[in-house]
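A single chain comes next, written as structure tokens; it is the form predicted on its own.
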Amino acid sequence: MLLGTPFHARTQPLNEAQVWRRWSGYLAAGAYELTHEREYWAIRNAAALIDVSPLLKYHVHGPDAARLLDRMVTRDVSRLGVGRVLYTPWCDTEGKVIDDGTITRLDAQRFRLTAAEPNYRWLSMNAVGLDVTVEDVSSQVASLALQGPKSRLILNACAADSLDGLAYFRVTHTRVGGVPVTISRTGYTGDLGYELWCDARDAVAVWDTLMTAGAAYGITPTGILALDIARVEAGLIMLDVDYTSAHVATIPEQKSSPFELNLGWAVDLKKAARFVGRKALAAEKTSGSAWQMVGLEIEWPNLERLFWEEGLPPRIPNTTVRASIPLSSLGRQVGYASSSCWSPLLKKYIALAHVEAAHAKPGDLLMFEIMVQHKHRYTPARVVPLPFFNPERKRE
């Protein structure tokens, strides 16, 4: 049976259409209103309040906590100072990605790891011989994402301490409405934003305080449909959509390395700790990757023409398509789009795509498959750098 999150007492009555998505065994709002458009624009113009409690959350603590995480992930955890956050993937021995998430250093010997899928067993396997404790606190810790250009104003109106000095990928401890919370300057929208972490028992009080403080700033409860568009604009990948975990892949072709997922920047081959998959990733770094994750912009004039030839106006998805869409070059399939959507802000049809390395250079032309009146058609799409949207305010 699917569970309600700690915020369900507030999110359920707000969900006008009762549109829910499944997320790690919990009910997550797809959209609160009958369409998700206003929620999307809250992310980009005001402030969106997103229940992200279904994230898997682990506390890793003890004298060898940093050693465990350094043994497991591709980033250098030993350099992560208290009050800082890093994003990282982690891999199997073949250098293929199992999952990705954030690591927050809460104090000298205590970390919080977030993940998309259960990783307790993998953490425990890598902890053999180390003086470390791993706790799954997913149900005990409630989490909210407050994202958008007005998010800092709202937090400053209700938090005990100013958020003006909290830098990008940093964390602070304060109170919101008298409730102890941890606030990180992180998010999944590619915009100015924060994530709030609190005891599940205090969840409703934190929600109510934020909604009251944010009323003057256009705060809007926001669901997964709007978030999905924002994360594609930000070039952010999603497990089980843009890649398959190496632990559940059926065949080798379903697996991806960090280099193939545009995450080469998150692989530190020079760090002192030897991590799972390092040897394979070092070899791939030398030989090169067969595939690359790229951004695509589907060219509009030809797409429009294909529809007009059938007597139809152009039809484009108003939500993110989480499906494989073939890409070809000179009549041969050379890749596929894994997430695609119309960007309301950029006024472009965009996609995250896996393509053969020879076709991954910015400016390369590929053909994107679309259906027009039940017929397979192809329209030009250009490879572009990621992210599609990267505002300065995200880091300011």
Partner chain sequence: MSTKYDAIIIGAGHNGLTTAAYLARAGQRVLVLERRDVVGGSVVTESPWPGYRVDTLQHFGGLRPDIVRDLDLARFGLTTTRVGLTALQPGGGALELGSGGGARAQAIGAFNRTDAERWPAFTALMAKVAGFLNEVYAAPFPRVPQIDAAEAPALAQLGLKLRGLGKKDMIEAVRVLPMSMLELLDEWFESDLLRGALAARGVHGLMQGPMGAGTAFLFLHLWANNDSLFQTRVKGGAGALSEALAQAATGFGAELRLGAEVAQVKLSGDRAAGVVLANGEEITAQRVVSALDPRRTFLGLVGPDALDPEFVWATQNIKLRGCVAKVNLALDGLPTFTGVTDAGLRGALTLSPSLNDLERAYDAAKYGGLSERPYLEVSLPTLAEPGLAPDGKHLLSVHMQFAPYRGEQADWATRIEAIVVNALAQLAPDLPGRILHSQVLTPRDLETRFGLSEGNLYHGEMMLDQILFMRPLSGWAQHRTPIENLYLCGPGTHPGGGVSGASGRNAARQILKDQKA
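Just so it is clear, the structure is predicted and the values come from calculations on it, not from any experiment. Positions refer to the first chain, counted from 1.
Only in words, not in the display: the form predicted in complex with its partner chain, which the text now covers.
Contact check for 93, 122 and 278: all three have a heavy atom within 4.5 Å of its partner chain in the model of the complex. Scanning 359, 59, 38, 67 against its partner chain in the model of the complex with a 4.5 Å heavy atom cut-off leaves one residue, 67.
This chain is drawn without its partner chain; in the model of the complex, the residue among 150, 84, 71, 271 with a heavy atom within 4.5 Å of it is 71. In the model of the complex, its partner chain sits within 4.5 Å of a heavy atom of residue 126. Residue heavy atoms within 4.5 Å of its partner chain in the model of the complex occur in exactly one stretch of 128-136, 222-230, 154-162, 318-326, and that stretch is 128-136.
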